[in-house]
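Just one chain follows, in the form predicted alone, and it is written as structure tokens.
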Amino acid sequence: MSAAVTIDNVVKDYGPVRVLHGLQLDIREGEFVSLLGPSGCGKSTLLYCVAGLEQISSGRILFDGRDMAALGSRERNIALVFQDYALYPHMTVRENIAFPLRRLKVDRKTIEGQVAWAAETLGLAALLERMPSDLSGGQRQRVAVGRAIVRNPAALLMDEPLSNLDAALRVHMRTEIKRLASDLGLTVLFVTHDQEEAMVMSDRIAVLSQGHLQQFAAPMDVYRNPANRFVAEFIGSPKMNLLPSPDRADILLGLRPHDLTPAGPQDGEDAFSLAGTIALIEPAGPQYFLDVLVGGQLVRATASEIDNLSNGSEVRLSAPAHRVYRFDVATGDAL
């Protein structure tokens, strides 16, 4: 049975160094939450605190309202999936999946039933007698997930589990993991530095920077309504353009490249516009990226067609007024 997880004002210190600064997250039962941020932001540390592998310095971690402070990792009924799979090389796929239940001294019939269910769910039924060395990267990752779900954990914790896979397999596996979590109603905490991964898979995203929670919201809320400059720049590819305001020195303007396009007759009267010189046109499948020099600053825009555009030509760009973001220069907060 999945649990709701509450991270209540959690602080983590390593000696004099504070790595988590009073984090507050309320994760609903069956919710898929990504912990997203750059390397060193504290996302894996937080995951290990939830797992009980790290002791918090202050605050509380609760599963369904029950404080986990007195319980070790084995008593929390959580399952961990790591980046490196951590399979036992001397065990078959069947034995790897069954291992957590054997450690709990579950009876043989139940183990056989749970292993068969996990293998069927993950498409591993034909591979149960193979050794990990005989499997592809994607198959090994599925075995690691099978070992995690076989005992019906209260929460599934995943620490960058797709990082070692090639690009195509990574896309396939993130779909599989999201489908599995949804079908089984799993509460998932998923650590990643890949914002596209977080956007595609999550019900909500917790964006971290230097141990501080920057924003906790649904993917499109984080994308369209960033709480501050850090979130605005970190989420979105290509990253947001930041320009000085022509009217106020204490404000920065933010423009996402996908919102900034060559001006045309369809633009509204209140559209934001700027002029510059095209430095580079980059084909990108169904659209083009334009690198435009505007007042000595390189600005990135997009275009669906480039019939009248070329490197070195002048261009006027525009964006809808409601797609222009404003940030306080001093604090970085969205205005």
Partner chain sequence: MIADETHKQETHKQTDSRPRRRFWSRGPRPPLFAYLAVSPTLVFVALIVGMPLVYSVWLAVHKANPITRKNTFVGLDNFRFVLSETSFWNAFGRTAHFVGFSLVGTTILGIAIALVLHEPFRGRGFMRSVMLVPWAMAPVSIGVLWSFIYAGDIGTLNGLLHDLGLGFLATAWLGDGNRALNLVALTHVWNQTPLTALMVLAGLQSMPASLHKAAMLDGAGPVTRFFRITLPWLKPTLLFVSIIATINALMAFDIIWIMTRGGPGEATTVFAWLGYVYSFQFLRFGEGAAMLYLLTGLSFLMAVFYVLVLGPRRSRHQAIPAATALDDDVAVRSPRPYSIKVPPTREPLVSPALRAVLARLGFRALVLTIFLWSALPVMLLILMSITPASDLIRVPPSAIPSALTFDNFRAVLFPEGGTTSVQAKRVPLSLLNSLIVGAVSVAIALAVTPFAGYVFARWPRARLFQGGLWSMLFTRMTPALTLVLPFFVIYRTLGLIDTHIGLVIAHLSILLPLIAWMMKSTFEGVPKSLDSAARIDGCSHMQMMLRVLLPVIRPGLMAAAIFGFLVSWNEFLFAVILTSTPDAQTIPVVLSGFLAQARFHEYGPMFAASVLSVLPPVVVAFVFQRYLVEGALSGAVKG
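Positions refer to the first chain, counted from 1. This structure is a prediction, so every number in the text was calculated from the model and none was measured.
Note that the form predicted together with its partner chain isn't included here; everything after this is about it.
For the chain shown alone, F272 is not a contact residue for its partner chain in the predicted bound form, no non-hydrogen atom being within 4.5 angstroms. Although the partner is absent here, R66 is a contact residue: one of its heavy atoms lies within 4.5 angstroms of its partner chain in the predicted bound form.
In the predicted bound form, R224 stays away from its partner chain, with no heavy atom inside 4.5 Å. Proximity of L101 to its partner chain in the predicted bound form: non-hydrogen atoms within 4.5 Å are present.
Contact with its partner chain in the predicted bound form, defined as a heavy atom within 4.5 Å, holds for exactly one of A263, A218, L71, L242, namely L71.
The listed set Q195, Q114, S202, Q214 contains one residue whose heavy atoms approach its partner chain in the predicted bound form to within 4.5 Å, identified as Q114.
Across the options 254-262, 81-89, 226-234, 202-210, residues that bring heavy atoms within 4.5 Å of its partner chain in the predicted bound form belong to 81-89. Interface residues of 312-335, taken as those with a heavy atom within 4.5 Å of its partner chain in the predicted bound form (partner not displayed), are absent.
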